[in-house]
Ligand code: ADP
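Single chain ahead, by itself, as structure tokens, in the form predicted on its own.
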């Protein structure tokens, strides 16, 4: 163990986690024990690879944040999979007998070396790597660009901006770049934060009068990764600071990677100078995965966990969940947890029963452009073809703008996709339509109530589809 012993801080972090997460969630996932520690890391024992993987995915960054708050040091967590030789007994109780069912296949036996997963960087998730990213038609260009950047950061495609809807892999790709750079050179200065964290830290530096320390931290890195830059809208002070940070890094040929939920051109109240900087390099978008890619993603997750999941179960999940990767993973995780906790093999019948609510929610929440067009056409006494057609008369142009505005607000479609859906129009037409409606909403309260009524109608229609 050496002279470093962080067991007290680890136990305090566990107490805080229990208080914040609740006893039920804590009891389910935090079946872990302190093992040992070094100057820069803490080794934790976990009973199975399933628990290890869930802790890495859901709680590792959270726990490391707790440890930083307690110690002031960036301590990484290393997970050691160790199968207990026997269930420890609590005084006055009898150790329970093992539950019937197949023995888990991943636990390490006492005669085999334990399996370790070492954190590579305190701000990066260890599972966000290129090896774990499934490439399909929806993300191939972005993935290949990210890989090229990781091999030669700062030399080309700088800055690199990835945009798209929720759960499509933006953060995964961004952090894969950081993990690859860090793996090749652990002395590289890599910072990975969200735009919200950047803003909060900037505000704190003003309060503490440590602005120069803040500037030095971000202007002398090798790779800067900032997630969710749409958070910077309306935050002019943070935008100004990032603008100067951007210039310093760009002039020094240091790599910058950003993610956003939409094209930068669609961000509101963003400094034009900063907007031009974001658009200077390579901007790529991620689209929802098709059926084949969804199946590949699920199979990749199944292989990583080495838990038997029949192909028919993979296919039914992929068929019923078409929104994003995050929803796919959530459904699979629920099945794996069920299998682990009740010790039952996953079957098609079990999957249909356990995931029926998820399948129903995914189906009913899937608003279509066709549904929006039909609702708006009915409201304004027009035909479906009128809204998609080329006529620009006032009685048609305005309802068409309303439909575009609603589609942009309640779907994950990009303006380019919406332009295609609305009769093959250019994305700038959609942007112009949305701006027109936004301006009119400020002056016409009746229009707002009308649009809200339309949105309710559209969602009710989609729930019955």
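Positions refer to the first chain, counted from 1. Only a predicted model underlies this, so the values are computations on that prediction, with no experimental measurement involved.
FYI, the form predicted in complex with adenosine-5'-diphosphate (ADP) isn't displayed, but the following is about it.
Contact annotation for residue 139: at least one heavy atom lies within 4.5 Å of adenosine-5'-diphosphate (ADP) in the predicted bound form. Not displayed here, adenosine-5'-diphosphate (ADP) is kept clear of residue 243 by more than 4.5 Å at the level of heavy atoms in the predicted bound form. Taking the partner from the other structure, adenosine-5'-diphosphate (ADP) in the predicted bound form has no heavy atom within 4.5 Å of any heavy atom of residue 283.
Remark: residue 167 counts among the residues lining adenosine-5'-diphosphate (ADP) in the predicted bound form, judged by a heavy atom distance of 4.5 Å or less. Interface residue among 134, 369, 377, 314 relative to adenosine-5'-diphosphate (ADP) in the predicted bound form, by the heavy atom within 4.5 Å criterion: 134. Only one of 235, 277, 301, 180 lies close to adenosine-5'-diphosphate (ADP) in the predicted bound form, with a heavy atom inside 4.5 Å, and it is 301. Remark: all three candidate residues (128, 325 and 329) come within 4.5 Å of adenosine-5'-diphosphate (ADP) in the predicted bound form, counting heavy atoms only.
Stretch-level contact analysis of 169-177, 379-387, 152-160, 262-270 against adenosine-5'-diphosphate (ADP) in the predicted bound form, using heavy atoms and a 4.5 Å limit, identifies 169-177.
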